[in-house]
Every structure is written in C-alpha cells, then in structure tokens.
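Below sits a lone chain in structure tokens, taken as the form predicted alone.
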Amino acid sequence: MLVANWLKKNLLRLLPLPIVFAGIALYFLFRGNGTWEEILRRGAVTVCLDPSYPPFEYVDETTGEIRGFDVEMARAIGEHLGLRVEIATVGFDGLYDAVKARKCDIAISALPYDPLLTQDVAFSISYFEAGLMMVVRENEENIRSPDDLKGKRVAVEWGSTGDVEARRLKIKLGELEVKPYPTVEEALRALKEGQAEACFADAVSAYLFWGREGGIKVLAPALVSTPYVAVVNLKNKVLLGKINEALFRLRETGFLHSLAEKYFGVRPANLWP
C-alpha cells in the first residue's frame, strides 16, 4: 500500500517529459469535444433539458421518467441520425452555458429563438410557434385578422404581452374594448362564455385550453412570434445541419403534429412559424 501511494504521488516525476506531453496531447485529442465525428464515435447524442415545463418536459410522478413533447422529439431526432439519445437535466438558466461548455450536444427545452445570442450559440429551424395568438370561438367565421376586431371586445391576461398588443390595436382601430383578467385561463374562459369576441393568449395556454375544454379555435399566424428551437454549440455546424434535416423530416411526416395531438389534444394547422 505504501509503495502504491508513493507511485501515485511521484509517477509524473518518474516519466520522461516527452511521454508526459504525449499523454496530455492524447487526452485532449480523444476527450469528448462535441464534434460530429466525436458524437459518431460515441454512438450517442446528449440532450440537455429542464424537466419543469409540461407538456414539453416533465417528470412522470408514477414512473420517475422524463417525458414530454421535447423528449419524444429529441428521441425522434436521434433515431433519424442513427444515434442513441442520452438525456441530461440542467436548470433552465444553465442550458446555454451547458451547450457552450459542451457538457451536452443539444439543448431542447422549449427554448425560444433569441437573436441576441446568435454570437454565442447556434439555433435550429423552429419546431413550435409559442407566440401570441388570436383566439376566437369555434363557430366564429367573421373574425379572421386583428383588423376585424373594430368595435369588438378582446379578453387578455392583465399586464401580459396580449394586454400590450390589444391596447396597441385599440389605438390603431379606435373602437376596441380591452377586457383584462387575472389569468390567461380566465381570459380564455371569458371568450368561450361570450364575454368577449376574441382573446389574445400565448399558444401553449391556448392549445391546452382548446384541447381540454373545446369551444374555441386558434387563428394563425402569431401576432407576436416566439419560435421554439434546438440549440447547439456555435462551432458544431455539422450537427446543426443534421438536426435541421431531421426537423424538416419530422415536419413533413406529420410527426410534430402527432406530438401536438398527444400533448395538447388538438392538431393546429400552423404548428411552426
């Protein structure tokens, strides 16, 4: 035991310097650097996410497994690439740093495209439009755009982006009543019950309400766009191209719409911008 401890402490001193330098070089050459070639050698792609935002990513209380729209999409991307998918949980605020530090290859966690970060990370094409949508009752045929809301009532969540956009529209149209409610849920219910002719709500809330209670429909395009995207290291252009290729495929095959139907209970016509 004493000999082993002594060797452990003095091994580097015993080795010739060329061997030490060669060992250091090999370590940096073969450690995980996140390049496409290195990912292929691993046979797996690491996806980081924060499982605290259902239905996109959450922990199943029964099984303890991480599930959700993003999780299934990540596995479908891995299948398209012929790679295993290894999920790593990271706090939402640490997702970009995890990609930059190459602690994971991709971040897929309901992350919105942010033009201010294009010098730090690379963004894929969008797979989901989570922006501000105009919502009307399901039998409404005369309201198709914000300009059709002159003289109408618009329900919004107090202080939300929808509230700001509705007040901006009121200035433009002149005749428009903005009806604020404490929550977006209450605003959507007010629309359904006839207290307003439209509601401005974020897509996720609108789809969840639509799928659960019915009686409304969501009109595209978004009034304010917030596209969800996958995020990769800025230097990994090859991986980015592969992910975009996979997402185009998932769009074309209807896979993303099937995920929306599974997790929201509806099949929106315009799921991405």
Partner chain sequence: MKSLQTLTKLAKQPFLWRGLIAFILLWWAIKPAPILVTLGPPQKVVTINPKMGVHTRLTDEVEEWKIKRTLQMVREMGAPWIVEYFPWAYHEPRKGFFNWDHADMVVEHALNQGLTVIARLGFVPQWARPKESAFSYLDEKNFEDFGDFVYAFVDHFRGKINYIIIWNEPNISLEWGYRPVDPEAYTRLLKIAYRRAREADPEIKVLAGALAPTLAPPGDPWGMNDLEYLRRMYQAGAKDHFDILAVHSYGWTFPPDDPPAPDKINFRRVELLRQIMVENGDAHKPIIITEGGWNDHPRWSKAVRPAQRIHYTIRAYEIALKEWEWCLALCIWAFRYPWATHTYQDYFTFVAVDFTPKPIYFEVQRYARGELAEEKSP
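Everything numeric in this text was worked out from a predicted model, so none of it was measured. Numbering follows the first chain given and starts at 1.
One more form of this protein, predicted in complex with its partner chain, exists but is not displayed; see below.
Interface membership of residue 75, defined by any non-hydrogen atom within 4.5 Å of its partner chain in the predicted bound form, is ruled out. Although the partner is absent here, residue 157 lies within 4.5 Å of its partner chain in the predicted bound form, judged by heavy atoms. Although the partner is absent here, residue 88 sits far enough away that none of its heavy atoms falls within 4.5 Å of its partner chain in the predicted bound form. The shortest heavy atom separation between residue 177 and its partner chain in the predicted bound form exceeds 4.5 Å. The candidate stretches are 76-84, 191-199, 135-143, 160-168, and the one lying within 4.5 Å of its partner chain in the predicted bound form by heavy atoms is 160-168. Annotated contacts: 225, 261 and 269 are all free of its partner chain in the predicted bound form [non-hydrogen atom within 4.5 angstroms].
In the predicted bound form, its partner chain lies within 4.5 angstroms of at least one heavy atom of each of the following residues of 86-108: 92, 93, in sequence order.
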